[in-house]
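Okay, so here's just one chain, in structure tokens, the form predicted on its own.
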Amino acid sequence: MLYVSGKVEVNVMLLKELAASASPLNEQQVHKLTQVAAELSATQLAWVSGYFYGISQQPAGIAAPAPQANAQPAGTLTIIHASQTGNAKGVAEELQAKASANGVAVKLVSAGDYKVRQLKKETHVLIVASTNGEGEAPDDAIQFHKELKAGKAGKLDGLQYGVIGLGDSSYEFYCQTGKDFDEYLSKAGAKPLLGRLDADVDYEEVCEKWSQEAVDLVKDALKGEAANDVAPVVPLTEGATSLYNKKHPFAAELLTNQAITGRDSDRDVRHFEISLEGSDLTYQPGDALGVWFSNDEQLVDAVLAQTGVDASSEVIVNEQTVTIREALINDYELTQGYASFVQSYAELTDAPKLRALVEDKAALREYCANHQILDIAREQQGALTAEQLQASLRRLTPRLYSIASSQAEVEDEVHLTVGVVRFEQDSEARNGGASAYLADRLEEGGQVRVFVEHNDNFRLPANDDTSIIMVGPGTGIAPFRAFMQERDTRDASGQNWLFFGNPHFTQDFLYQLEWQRYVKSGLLNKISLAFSRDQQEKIYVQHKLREQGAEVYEWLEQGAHFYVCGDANKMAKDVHDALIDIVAEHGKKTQEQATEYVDALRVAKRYQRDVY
């Protein structure tokens, strides 16, 4: 069996045969080695090979030197990641591996563990940063961002730097954190090693190219000074012993597809149970499950007809020749609108409305949020070639869903709570990509390609005695179901308070019986419900928070952790504003002091958000 990783093929059977003959490794060690090797890229394999060889050449009993938090040998590259869900950290780890494989001594550190004043001692720094909410820094980078903006790094005339910003071009504050870091470092006198990269959701290919260019520049600049230094090992995240990841997903069996909203609800929310048996995938409450999907064939045919492309035309995808129809089914994004397609299609077809939209960024964002690729193409009949259509489209990316179960309870299963995207456009039905794939086109017993996306910025307190407040309206309830299962199995003594909201009590109270059981057992100490359409005045979770502000503040003062999951565009912002107002009112603070209090909660990881 061959496990493919990038351009490297690891023959597991061959490794096992070697182990049985001349290898000094025992069977368990070979098993671990083959698992890890199968998921590494060519760059990572090269680095690991050099790293282990370096260790083998040291005198017996002398361990490889451990990296210090804020110190490095002369000629070291420092890579700082500011990551909310793990994507920026993953890019930074790939960058570290690439640098190490090229003989560059490199240190990888989270922005949350890095002191801004240390920048004065650096010569070369690369930053990989995602953007959170409305242009905010990720939670682990709040303090770093704040101090860098305030100029606390001092003059950085001796520093060369590079920045990768990760984001989604459909949002207003696209890659804002990366742009901020670029601006602040430049103002402090640092010199850019190469231009900033603003990477969209299909970031992997452009990040790979930028990373190689950056490493080459650093290597030339350091002139091999660091080649003999032993670089710190790339940290493997929890669950990394599995063969399966984003690039190599596991073909899992769909066990259950169950509607959990009432028949008269205007929302279709499903509870999915998926088997991970045989994958060795592990997860913690707070993690997400990545789901790869294929596009609806009827939608693909409609796009081809509208753009005038022959379905049998051949194109190249991942160095393989396929028909454009196959490519659109499996490889390209059709169920989300995005600015790059609008601009490209406007140029190819000279569509007046689309050309006008390209000049108005605010209107373009709103338009893309409510139109799929077919809707955009219908603004103007096309006569495109297959290559033109392919070049206009963005690559398909997996969807991430907050995991709604604790592995301590469900073992080799993973549960999801998914709102199926359904709406009408010009009297025609439109469906979401992954959500409709799971709900409508994948039968129970069928296989879905999945992987675990770890999220270290959304974790239960390590101390089971700590109380928690959970705010999760709609499908934002998912991780809190996992939290309660976990705390139940651990017999955690900390108090638990849930704020949940949805339109109607009778139709939309997700997992109602489970929450009632938790209340009855005493595990869930308080539950505050906001069913917005059950009375004339709309009531949301932020209103319930304000109503019970005194007790919320008392819990915070006693050390409680505060969690929010759900819609980023409005709910999360309204909850954030409510929290600041609660602290100001009941803590007798000014708005500025209350904001600092809430920021301090985030820095201490006592205020965590999983928003989308």
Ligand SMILES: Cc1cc2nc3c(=O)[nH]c(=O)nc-3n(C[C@H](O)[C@H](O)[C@H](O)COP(=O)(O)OP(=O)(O)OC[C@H]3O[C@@H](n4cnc5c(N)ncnc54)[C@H](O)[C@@H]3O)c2cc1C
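Sequential numbering from 1, following the sequence displayed. These numbers were taken from a predicted model, which means no experiment stands behind them.
Only in words, not in the display: the form predicted together with the named molecule, which the text now covers.
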(request) May I ask you to check whether residue 423 falls inside a 4.5 Å heavy atom distance of the named molecule in the model of the complex? (result) yes
(message) Under a 4.5 Å heavy atom criterion, is residue 401 part of the interface with the named molecule in the model of the complex?
(response) yes
(request) Spell out, yes or no, whether the shortest heavy atom distance between residue 472 and the named molecule in the model of the complex is within 4.5 Å. (result) no
(request) Look up in the model of the complex whether residue 302 has a non-hydrogen atom within 4.5 angstroms of the named molecule, and give yes or no. (result) no
(request) With the named molecule left out of view, choose which of 211, 307, 406, 435 has a non-hydrogen atom within 4.5 angstroms of it in the model of the complex. (result) 435
(message) Counting any non-hydrogen atom inside 4.5 Å, which residue from 282, 516, 370, 506 sits next to the named molecule in the model of the complex?
(response) 370
(message) Heavy atoms within 4.5 Å of the named molecule in the model of the complex: which stretch in 334 to 342, 497 to 505, 315 to 323, 93 to 101 meets that?
(response) 334 to 342
(message) Just to make sure I understand: among 172 to 208, which residues lie within 4.5 Å of the named molecule in the model of the complex, judging by heavy atoms?
(response) none
